[in-house]
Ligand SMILES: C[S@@+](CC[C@H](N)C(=O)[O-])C[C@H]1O[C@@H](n2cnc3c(N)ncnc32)[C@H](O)[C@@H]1O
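First comes one chain, alone, set out as structure tokens in the form predicted on its own.
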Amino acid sequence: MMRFDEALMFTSMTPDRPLAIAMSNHNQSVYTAPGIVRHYQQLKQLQPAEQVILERFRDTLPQLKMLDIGVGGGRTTQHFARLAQEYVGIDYSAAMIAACQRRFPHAALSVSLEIGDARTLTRFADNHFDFILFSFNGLDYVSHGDRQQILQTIHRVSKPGGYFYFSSHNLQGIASTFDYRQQLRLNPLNTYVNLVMTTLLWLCNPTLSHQKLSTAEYAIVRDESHNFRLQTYYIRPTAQLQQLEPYFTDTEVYAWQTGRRLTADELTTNTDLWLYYLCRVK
């Protein structure tokens, strides 16, 4: 299958380090904007797929050291921090961490909220964490190369046999949006709304098409996230499993809206906008 990478408003169809840096820097700057920080600070609820995993690990979390990557304003912190033996929440946005610290001013001694970049995690020793969470598709806002580096780094700081749980955008879920024929509905209003979204995607991604997305393993898409301000990594579930294989095993895939575990046969046809992956560390 074809591989390609695209940064915001660029037409290059091959991975390029300057474009990758531009993508990562641009997305990081978005997450420091005051309005974006306020948005994440007020979020409270876990998504269904996160709730499933919380219940699965609820009885064992008191014995686990947990790293929560991309905590934002503390949405997941309020659910996991009080349960884990040791909880470290990090975000590469200083503004997000400041908001999170204001939200939890009396955090327990076993809770740490600090600025940290998933691409390095230099502060943490090898084989330290039992459970690592990277939710809300945080892995999707860096370049393809940085994504590989993050997976390697998470493997380094995880204990063998530990768990890594994360969400990622599903390329199969957005590919059809680039095909105007698939936006037609019996209800004229629904058709109008769908076609407006397709037009905006075309304008923001001039080098992408339904045909290219239908044959790609992954793509960088300027989607509707925060009014089309973010460049988002989308990947097919089968390609995501291949990315994980060098470092993780026994991967389970969950539908984000229902928390239902998907079968192997469903991975090639599922069109959820994003999915959750639970992996065991090799």
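Small disclaimer: the values here were computed from a predicted structure and weren't measured. In this text, residue numbers run from 1 along the sequence as written.
Heads up, the form predicted in complex with the named molecule isn't pictured, but that's what we're talking about next.
Only one of the listed residues (Q172, S135, T177, N205) places a non-hydrogen atom within 4.5 angstroms of the named molecule in the model of the complex, and that residue is S135. Shown without its partner, this chain lists A99, A81, L151, V142 as candidates; in the model of the complex, only V142 has a non-hydrogen atom within 4.5 angstroms of the named molecule. Within 4.5 Å of any heavy atom of the named molecule in the model of the complex lies no heavy atom of H155. With a 4.5 Å cutoff on heavy atoms, E86 does not count as touching the named molecule in the model of the complex; it lies far away.
Interface residue remark: L43 is counted as part of the site for the named molecule in the model of the complex, having a heavy atom within 4.5 Å.
Among heavy atoms of A118, some come within 4.5 Å of the named molecule in the model of the complex.
Screening 118-126, 184-192, 104-112, 157-165 for residues having heavy atoms within 4.5 Å of the named molecule in the model of the complex returns a single hit, 118-126.
In the model of the complex, every residue of the candidate spot (Y31, G70 and S93) has a heavy atom lying within 4.5 Å of the named molecule.
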